[in-house]
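The form predicted alone is given below as one chain in structure tokens.
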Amino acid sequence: MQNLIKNGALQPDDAWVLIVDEATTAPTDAPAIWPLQQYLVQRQSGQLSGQPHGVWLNEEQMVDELAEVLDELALVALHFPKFADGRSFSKARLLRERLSFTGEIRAVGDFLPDQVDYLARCGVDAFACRNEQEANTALSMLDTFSVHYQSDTHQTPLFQQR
């Protein structure tokens, strides 16, 4: 995956392969990000490779559907069908706070560079940008504010820091 921002830096290479649909061939020598239903079918039939696994959730799937398999996953990708859809912000926060997921949470799809700081505050730590220009812009906006009044997945609220 190109134009990836991970842990606050551009990543030149990314080994993960995003499997978009059933027609996409899963790699045997690289980690794969599966659509949830396809991952569950592959898992049940015992056809998963020994590589690390990731799952991506579309806009209609909830994080509770991952609860049983979350310990097996190294990555959860949250799909943004359009930039105005905020459901993935909530999903990221639920993954970090309610389900205690410590693996990578990656934003994929139609998110805007000016949303990455807010997404990071919700627990997203990787951003698959559409092109190099968007990745550079998103990277510059990742730490827009140095102090936040409200809490997030990393910081206590400002009023509790006194």
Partner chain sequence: MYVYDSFDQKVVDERVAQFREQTERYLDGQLADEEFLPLRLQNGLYIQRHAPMLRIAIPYGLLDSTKLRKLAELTETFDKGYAHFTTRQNIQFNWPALEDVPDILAGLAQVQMHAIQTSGNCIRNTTTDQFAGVLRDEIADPRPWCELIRQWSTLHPEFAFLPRKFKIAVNGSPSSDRAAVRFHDIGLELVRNDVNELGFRVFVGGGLGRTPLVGQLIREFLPTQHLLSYLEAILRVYNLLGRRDNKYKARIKILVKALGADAFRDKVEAEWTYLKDGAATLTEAEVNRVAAHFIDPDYASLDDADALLAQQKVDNPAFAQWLSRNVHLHKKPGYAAVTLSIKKLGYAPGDCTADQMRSVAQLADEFSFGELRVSHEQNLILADVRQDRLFDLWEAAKLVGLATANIGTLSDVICCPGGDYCALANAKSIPIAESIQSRFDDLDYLYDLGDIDLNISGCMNACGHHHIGNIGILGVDKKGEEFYQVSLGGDSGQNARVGKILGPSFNADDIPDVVDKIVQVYVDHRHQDELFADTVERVGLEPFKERVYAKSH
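If you're wondering where the values come from, they're calculated on a predicted model, not measured in any experiment. Residue numbers count along the first chain shown, from 1.
Keep in mind the form predicted in complex with the partner chain is missing from the figure; the text below concerns it.
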* Quick one: does Ala9 come within 4.5 Å of the partner chain in the predicted bound form, counting heavy atoms only? -> no
* Does the partner chain get within 4.5 angstroms of any non-hydrogen atom of Phe101 in the predicted bound form? -> no
* **Contact of Val69 with the partner chain in the predicted bound form (heavy atom, 4.5 Å)** => no
* To do: Mark Val20 yes when one of its heavy atoms lies within 4.5 Å of a heavy atom of the partner chain in the predicted bound form, and no otherwise.
  => no
* Contacting member of Ala30, Leu112, Val41, Leu48, with respect to the partner chain in the predicted bound form [4.5 Å, heavy atom] -> Leu112
* Asked: Just one stretch in 33 to 41, 127 to 135, 101 to 109, 48 to 56 has heavy atoms within 4.5 Å of the partner chain in the predicted bound form, so which one is it?
  -> 127 to 135
* **Sequence-ordered residues of 70 to 101 touching the partner chain in the predicted bound form, heavy atom within 4.5 Å** => Phe83, Ala84, Asp85, Gly86, Arg87, Phe89, Ser90, Lys91, Arg93, Leu94, Glu97, Arg98
